[in-house]
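Each of two forms of one protein chain follows alone as structure tokens, named structure 1 and structure 2.
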Structure 1
Amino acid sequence: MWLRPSAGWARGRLTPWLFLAPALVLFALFKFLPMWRAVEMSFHEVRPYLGDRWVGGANYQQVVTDEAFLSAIGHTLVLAVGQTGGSVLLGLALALVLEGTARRLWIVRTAVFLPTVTAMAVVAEVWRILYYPAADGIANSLLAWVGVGPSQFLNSPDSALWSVMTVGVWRGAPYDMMIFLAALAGVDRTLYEAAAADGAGVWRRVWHVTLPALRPAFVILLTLAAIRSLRVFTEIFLLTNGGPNGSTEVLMTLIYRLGLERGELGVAAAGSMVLLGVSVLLTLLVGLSRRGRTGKAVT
């Protein structure tokens, strides 16, 4: 002991905080202060050079009662469920098909992974061309082969949300595939051999060996994807900008439109707070359900 107990105690308490300080300062400047400012803004009519005007809960009232917001919340949820589910299923299918150690598989996997690392602006432009809503459009030419279409894709309120969802699944699935591939590498091969020796076919082996082994990967992917989907913005903004007829308007595009196109920063901030609340709630629910499951396993 080279320090007196009281000084040592103080220093012991202080040192970790000093080490944490740089990160805390960065977080405070770039995360917590802006977040606090957003909370403030959500209770004001924001006018940077004239002084903000206190409006109480009026912005929140507008958010939860406005028809446009309610419809955007609905679209966000549909998109979150569809995109998450679609990406996970397609990702799993791709992972099962492309699993293995053969050298050439890496080329195929890289090719499949490309949509995820391609800039969204490029993806959107490519899909706008694919979706060209006339008979000579690429997707419509394919539909014509099977005697369907031509579809309006992004240009009809009936099909726009599904068309955007398809792009989201196409882009998200390879990312999920990589997580599944990593998880599949950890599956004990002897289990497959044992199952095969017991006479189990391919589907039985997938059902009883592979899927249980992938459970942690599923939990991580579903949590990440659900939260990501709630904040979907870029693909909508670039593909349809919320149209046609508001059929693809989601919370983020509506918040963007209100805040930065119409200058209603207070209402937009209130919308952001609602979105933050929903995201936190979702994360807590997933966390609680996992803790419950872990607790059960331990007992």
Structure 2
Amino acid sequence: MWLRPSAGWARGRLTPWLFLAPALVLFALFKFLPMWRAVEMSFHEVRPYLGDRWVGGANYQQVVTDEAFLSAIGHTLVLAVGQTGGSVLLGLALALVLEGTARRLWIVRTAVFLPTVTAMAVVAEVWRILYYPAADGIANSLLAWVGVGPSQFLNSPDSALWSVMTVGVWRGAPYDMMIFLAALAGVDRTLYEAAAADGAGVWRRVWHVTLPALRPAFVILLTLAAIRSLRVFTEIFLLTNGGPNGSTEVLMTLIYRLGLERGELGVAAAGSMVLLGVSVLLTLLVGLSRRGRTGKAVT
């Protein structure tokens, strides 16, 4: 016998969706509809006021074969790997050093976290001053103390990408540090005491207790940092604008240049779709690896 659901049950199921409806409508208007339009544009030669012309996969073929795109993809991957690894390692080191409940540590943590909340335009200008390419520049003066340099930093094709990567690591590490600090707060302190009682030194406690406990934080941070590095734009745009000689051109700056400066909106949309696909693939791979590890742990 079919039972009609009660009014209270229906109201209970409907209420959350009513609260979510305004956000969902805005999200659809400003996120999914533009995304769908970008997918359409990636298969067309976009001609404003003349009508789009269907070109099939030609835009995608240009993205994966054009030398400028391949170079930009290579720079993007180098930045993604370098910034992700550097910011995670530096964030972990800062978290281990600044872990604790003392009041002075909160002051130091706040000071360390400031780069993350500082506007990128300000950060870029500060680093442009630090990278002043003369022997009396601040960074070159520091290098002179160890007998290195002077370097042209942002003005040389050999050093520009590494200089931008350093800025990314410096800005991303404090964010990673806060995630690690939150994860460290959940580590069972009795494990440290038991390890110390067994004669384990500091490094062995870090290796056998701390790092395994931080594994979920590593997974989250590596995913977020990798996606953030793949979509890097502001640092490049403000510091080098893709130069010199295209040595710091990444996928996002090339898409911007093609779409808004040269008017090749279809090719730019195809590049955006490739970047979206890589980000989604990366997220799925991390999710599957986590599920696999969780399944092994349960069994």
Partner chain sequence: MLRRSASILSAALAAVVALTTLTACGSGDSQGAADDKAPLEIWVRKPPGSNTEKTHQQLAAKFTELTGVPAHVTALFDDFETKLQQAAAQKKLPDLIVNDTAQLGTLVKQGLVREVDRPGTKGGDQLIPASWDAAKGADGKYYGVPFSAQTFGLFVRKDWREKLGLAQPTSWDELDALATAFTTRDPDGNGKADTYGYVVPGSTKRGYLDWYFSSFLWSAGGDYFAKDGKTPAIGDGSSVAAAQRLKDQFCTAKTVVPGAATAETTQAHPLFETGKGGIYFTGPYNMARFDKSLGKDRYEVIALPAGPGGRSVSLAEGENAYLMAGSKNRTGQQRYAEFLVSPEGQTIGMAGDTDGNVVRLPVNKGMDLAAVRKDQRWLVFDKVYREAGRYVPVVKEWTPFRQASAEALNGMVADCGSDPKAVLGKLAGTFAAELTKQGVGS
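Superpose the two forms; the largest set of C-alphas matching within 1.5 Å is the rigid core. When a residue number appears, read it as a position in the sequence of structure 1, where counting begins at 1. None of these values were measured; they are calculated from a predicted model.
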query	finding
Displayed copy of the chain that is the form predicted together with its partner chain	1
Core-aligned C-alpha movement of Arg53 between structure 1 and structure 2, 2 Å or more	yes
Backbone CA shift between structure 1 and structure 2, Leu18, after core fitting (angstrom)	5.9
